[in-house]
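There is one chain below, alone, in structure tokens, taken in the form predicted alone.
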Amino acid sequence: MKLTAALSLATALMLGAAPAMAQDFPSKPITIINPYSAGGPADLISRTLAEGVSNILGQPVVVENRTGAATAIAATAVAKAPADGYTLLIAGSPTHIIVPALQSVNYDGIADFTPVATVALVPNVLAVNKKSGITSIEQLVAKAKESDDAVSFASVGNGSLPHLSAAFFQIETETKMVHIPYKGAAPAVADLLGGNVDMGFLNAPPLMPHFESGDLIALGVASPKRSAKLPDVPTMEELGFNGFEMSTWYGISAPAGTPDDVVAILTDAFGKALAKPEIAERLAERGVEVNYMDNQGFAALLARDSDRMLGLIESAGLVKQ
């Protein structure tokens, strides 16, 4: 009887411990690690959400930029961090799918992470410098066909979605261009403005002020529908490029093994933050669309996107370095 009573007490204590763990989280600051440089869309999204999530959870949420190795440095840091919910990654196709497929990394893009939530969708826009004299896709393609090094394009790193977007464009137009990778959107846009690079399929947010000033020209939007911030710019589909859908999604990931109750708290907090009108408006002003899915929806997105991106990598003839 004593043994039975002891086992019953132990079971009750164990059952009571799980909710207690969730109730204790978070008890200290949370860090979101951003693989890209300051000033880019991932930085805007993570810092905007950090404020909202901090207010909901009652703990500071800090954004830390760790650039390098085409997002692999940041992704490795999160994959190897304690699985306690206090270290998160602002993630996308590059961190989970593209970079692990194209270079040797110290993590598995799927198995070493726990999806928390998707948070945003950003269209990639084909932009050129006004001084280039190029005002249409036809003129860009004609220039690229002059020689294999006639046109250079900017990306935010090898294996990034802007890189794959340009690779896809070259396949579709039967051209070859020179790839110039940068550590983030801000330096890529700076060189595009300076005329040091000819074009780029870059995220809309850092481009918007320069479209408005007229220093850059948007030739096409690589999303299923026109951007609300660029209603007069046709989609790549409208321009005759069937299936050219290369929007950038952003999500929040935690290390694999993060407790389910902690993930549930984080998923809920990001969902509530994105539902706040002031946060959605702040993102929309810069061309960022709210795109919330819970952890299960995020996991399904990863599976679909993995098939699509790996197929594109194969079609583009890109090989692992």
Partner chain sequence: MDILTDIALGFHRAISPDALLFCFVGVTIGTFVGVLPGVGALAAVSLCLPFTYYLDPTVALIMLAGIFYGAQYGGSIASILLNVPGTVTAAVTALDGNPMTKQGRAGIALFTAMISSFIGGSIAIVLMMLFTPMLAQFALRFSSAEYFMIMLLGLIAASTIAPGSRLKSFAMMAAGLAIGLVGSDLNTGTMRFTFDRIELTDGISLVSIAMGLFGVAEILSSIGGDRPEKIDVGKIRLKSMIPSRAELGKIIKPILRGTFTGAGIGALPGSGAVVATFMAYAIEKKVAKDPSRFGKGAIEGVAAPEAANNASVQTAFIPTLSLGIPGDALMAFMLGAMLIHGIVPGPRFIIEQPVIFWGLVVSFWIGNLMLLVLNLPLIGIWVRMLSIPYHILYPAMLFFIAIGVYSVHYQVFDIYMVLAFGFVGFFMNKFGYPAAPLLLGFILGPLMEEHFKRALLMSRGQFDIFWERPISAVFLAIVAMLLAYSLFSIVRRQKNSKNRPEA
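Owing to the predicted nature of the structure, the values given are computational and were not obtained by experimental measurement. Numbering follows the first chain given and starts at 1. Definition used throughout: the rigid core is the maximal C-alpha set that superposes within 1.5 Å between two forms.
The following text describes the form predicted together with the partner chain, which does not appear among the structures shown.
Report the residue, out of Pro231, Gly133, Pro82, Pro209, that has at least one non-hydrogen atom within 4.5 angstroms of the partner chain in the predicted complex.
Of the candidates Pro231, Gly133, Pro82, Pro209, Pro209 is the one lying within 4.5 Å of the partner chain in the predicted complex.
So the partner chain isn't shown here. In the predicted complex, which residue out of Ile97, Val151, Ala218, Met246 has a non-hydrogen atom within 4.5 Å of it?
Partner contact (heavy atom, 4.5 Å) among the options: Val151.
Pro259, heavy atom within 4.5 angstroms of the partner chain in the predicted complex:
Heavy-atom contact with the partner chain at 4.5 Å: absent for Pro259.
Contact label in the predicted complex: Val178 to the partner chain, heavy atom within 4.5 Å:
Yes, Val178 sits close enough to the partner chain in the predicted complex that at least one of its heavy atoms falls within 4.5 Å.
Please tell me whether any heavy atom belonging to Arg66 falls inside 4.5 Å of a heavy atom of the partner chain, as the geometry stands in the predicted complex.
Arg66: yes, in contact with the partner chain in the predicted complex.
Quick one: is Tyr182 in contact with the partner chain in the predicted complex, heavy atoms, 4.5 Å cut-off?
Tyr182: yes, in contact with the partner chain in the predicted complex.
Partner-facing stretch of 166-174, 195-203, 85-93, 246-254, counted where any non-hydrogen atom is within 4.5 angstroms of the partner chain in the predicted complex:
Stretch 195-203 is the one.
Using a 4.5 Å cut-off on any heavy atom, which residues of 289-321 would contact the partner chain in the predicted complex?
Contacts from 289-321: just Gln321.
Please say whether, between the shown form and the other one, the C-alpha of Ala154 moves by 2 Å or more once the core is aligned.
Yes.
Rigid core superposition, Asp108 Cα moves 2 angstroms or more between the shown form and the other one:
The answer is no; the displacement is under 2 Å.
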